[in-house]
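Below you will find one chain, with nothing else, as structure tokens; this is the form predicted on its own, and questions on how it binds or moves follow later.
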């Protein structure tokens, strides 16, 4: 590890605070140390960063190609998760901008409703409220290990159907996209038990985008997926971070779930996120490099 870089694990089974690194100028030795820590802790928090959009994107690309926005016409690589409008005012709580982001308050892994789910997400805090607005992560490696042998065996060959229409219908997702865009997001299937490509650990792959189990009764399997998620996202497998301006978090969507916490809607919370696409070379959502 580079002499100036310090990694401080949390008391949970995942997560670490990284100090002594300026993400705008990371050399190869430091990046190797960062990636090693990321595979171990799954969530890393970098404090006191001052990143431009270009620096944010450049660091993100060290992990792979980036995802483009959901709309066919979109070339955006940075998503604004914010209740601040373009003119700097606080958005109306009933606006689509605010309603759409309410979905983030439920446990999920980014882009699992796509054929190739996201690899990493990098969230950068530009403005934070006085209270609330935390982000919380859950360790799905340890969640799998905590299952009894009978459940592990039963889940081994199960496939879950992940659906944008299912998970986004209630909070504005179907208003945000047109029918042509929605047609590009058909339901997809993912194993409920996955193996992490870098660590070899088994992972429980669930969350709010998972509609039901393939070949099982829809209502019963939805109840099971909900119960598995709730039981998985318990201490000591959870880590909640109270944001400060300049914090950047990177997490591994392949082995953690995450959710945002609410905050007073008369206060600004302005975050910007890049998403590293899954490693499949045929990933239609990834930027062309």
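Positions refer to the first chain, counted from 1. Note that this is a predicted model, so its numbers are computed, not measured.
Not pictured, yet referred to below: the form predicted together with N-oxalylglycine (OGA).
K.L.:
Within 4.5 Å, heavy atoms only, one stretch in 184-192, 133-141, 68-76, 161-169 touches N-oxalylglycine (OGA) in the predicted bound form. Which?
P.N.:
Careful reading of the contacts points to 133-141.
K.L.:
Is residue 46 a contact residue for N-oxalylglycine (OGA) in the predicted bound form, using a 4.5 Å heavy atom cut-off?
P.N.:
So residue 46 does not count as contacting N-oxalylglycine (OGA).
K.L.:
At 4.5 Å between heavy atoms, is residue 108 in contact with N-oxalylglycine (OGA) in the predicted bound form?
P.N.:
Taking the distances in the predicted bound form, the answer for residue 108 is yes, it comes within 4.5 Å of N-oxalylglycine (OGA).
K.L.:
Does residue 123 make contact with N-oxalylglycine (OGA) in the predicted bound form, using a 4.5 Å heavy atom cut-off?
P.N.:
Output for residue 123 is yes: heavy atoms within 4.5 Å of N-oxalylglycine (OGA).
K.L.:
Is residue 81 a contact residue for N-oxalylglycine (OGA) in the predicted bound form, using a 4.5 Å heavy atom cut-off?
P.N.:
Result yes; residue 81 sits at the interface with N-oxalylglycine (OGA) in the predicted bound form.
K.L.:
With N-oxalylglycine (OGA) left out of view, choose which of 254, 258, 237, 56 has a non-hydrogen atom within 4.5 angstroms of it in the predicted bound form.
P.N.:
Flagged contact: 258.
K.L.:
Under the 4.5 Å heavy atom criterion, name the residues of 260-275 that approach N-oxalylglycine (OGA) in the predicted bound form, in sequence order.
P.N.:
Heavy-atom contacts within 4.5 Å come from 260, 269, 273.
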